[in-house]
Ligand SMILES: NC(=O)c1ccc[n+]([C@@H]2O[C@H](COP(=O)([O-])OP(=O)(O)OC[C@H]3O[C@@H](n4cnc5c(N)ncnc54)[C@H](O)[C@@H]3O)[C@@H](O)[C@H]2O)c1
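Here's a solo chain for you in structure tokens, the form predicted on its own.
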């Protein structure tokens, strides 16, 4: 069986996925039907790899990594016999269904057929093929070579072996796979992001704060902690007594805030207990003070880095320091899969 990876779509997400696999020393067939876009994609791969090399994020030269990415203009060449396909076509159900019908016939009989879709559920795509057991969504953050989380979203028809094989492969190339237990629009990444965006827009609409100050609160406050802690881990370390104490003290206030937006999603005792148990598997509560000191040390390390470099001062400084392509020649990323 051909052990190479097929990436379908030469836009920004497809290029980024190709770098993920090639950096992990996997041969990649990158399919892009448009001749002009294919030439741009080849240049974009090298520019991104050189930027990674400049930050010491490659363990070999960018040319060596790029050599593992073969750009092709025929889907039959890219997908013939491969054992894993990462589809990165525009976020259009008809386009994806047409591609997966072809991929089903071209790829190996037991190949994993994964979509980078941001919101289209895998069951909608799977309806177009004869064997839906091989199809799932593998939804990345953008770009996946810097944001390693990838959501594995099965449809009701997805075989558990498909899920296992996708998880094993993606973990082996440095990704952090997260299993989503059921199909929901937007999956997890975009639903969490969407919750913040909805509240941000409402705060601006209601005259509470200016848009730039919303970004300041996130960038200089929540975002710094969320760089290395999740929301549950954050409240565990913010309050002595952890998640349980936080839910008792702050739960009523958060319930009132939700009610202002027409929401009624109470933090039940059972739900809080489930979250508390999960968080304590990483941060045992009998060492709470030690974990708080670790958090503060991580924030200090982040602040020290910010003071040493201009990269986090804004896009102009980053572009000057990195020579990084801030406006990709690949077009509008919102047309593709991946976090939006």
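Remember, predicted model here, so these are calculated numbers, not experimental data. Positions refer to the first chain, counted from 1.
One more form of this protein, predicted in complex with this ligand, exists but is not displayed; see below.
- Out of the listed residues 286, 63, 59, 34, 34 is the one that sits within 4.5 Å of this ligand in the model of the complex by at least one heavy atom.
- Heavy atoms within 4.5 Å of this ligand in the model of the complex are found in one stretch of 173-181, 88-96, 127-135, 202-210, which is 88-96.
- Contact annotation for residue 13: at least one heavy atom lies within 4.5 Å of this ligand in the model of the complex.
- Although the partner is absent from this view, residue 162 stays clear of this ligand in the model of the complex, with no non-hydrogen atom inside 4.5 angstroms.
- Mapping the unseen interface onto this chain, residue 248 falls outside it, with no heavy atom inside 4.5 Å of this ligand in the model of the complex.
- Residue contact check for residue 118: one or more of its heavy atoms lie within 4.5 Å of this ligand in the model of the complex.
- Of all the residues from 161-197, none has a non-hydrogen atom no more than 4.5 Å from this ligand in the model of the complex.
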